[in-house]
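One chain follows as structure tokens, the form predicted alone.
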């Protein structure tokens, strides 16, 4: 039986934090109220005093990750702020391999998630982007960040494996010429390259 002292220490934040740790090690699919209770040293039913159901925990996990991403100052230069924020978001998404799929399934609804979204959109609007362009910029950054996080978590082939899957590179001269680069994708550098193009393109649009 759980002691009163243990029950008093149980909070929603503590439950969410434990769920994040379990998901990091075993994936969201393996997460259950029973395993979560065991991790916290309580009966599974005790969790329902602090969370409504498993979906509530999943949404809380998304919010937990967004809370760890530093918010840019509202008066920051938008180019610098977007660059730093996107890189910080990528780090968090990669640190928690379940995050991208869960975010795609459930969306952004928690207070920290919405605060993050509000601040980024505010940067674009304060810079002079229209509401429509601010929306487009947000979607483009989100897709770029989540896409590279997914690729990085999926890993990649090494050079020998990559080349072994192409029977005759001489048939594809451009692929052959770039094979040393194509066979060794440095995700961080690729992400940064694309991010700079996005920022430059947005700046050019704003100047028009």
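Worth saying up front: this structure is predicted, and the values here are computed from it rather than measured. Numbering follows the first chain given and starts at 1.
What comes next is about the form predicted in complex with another copy of the chain, which does not appear here.
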Answer for residue 67 alone: is it within 4.5 Å of another copy of the chain in the predicted complex, judged on heavy atom distances? no
Residue contact check: residue 88 to another copy of the chain in the predicted complex, 4.5 Å heavy atom: no
Even though the partner isn't displayed, in the predicted complex is residue 75 close enough to another copy of the chain, meaning a heavy atom within 4.5 Å? no
Could you tell me if residue 21 has a non-hydrogen atom within 4.5 Å of another copy of the chain in the predicted complex? no
Which residue, 81, 103, 94, 127, has a heavy atom that falls within 4.5 Å of another copy of the chain in the predicted complex? 103
Within 118-147, which residues have a heavy atom closer than or equal to 4.5 Å from another copy of the chain in the predicted complex? 118, 121, 122, 125, 131, 132, 133, 134, 135, 136, 138, 139, 140, 143, 144, 146, 147
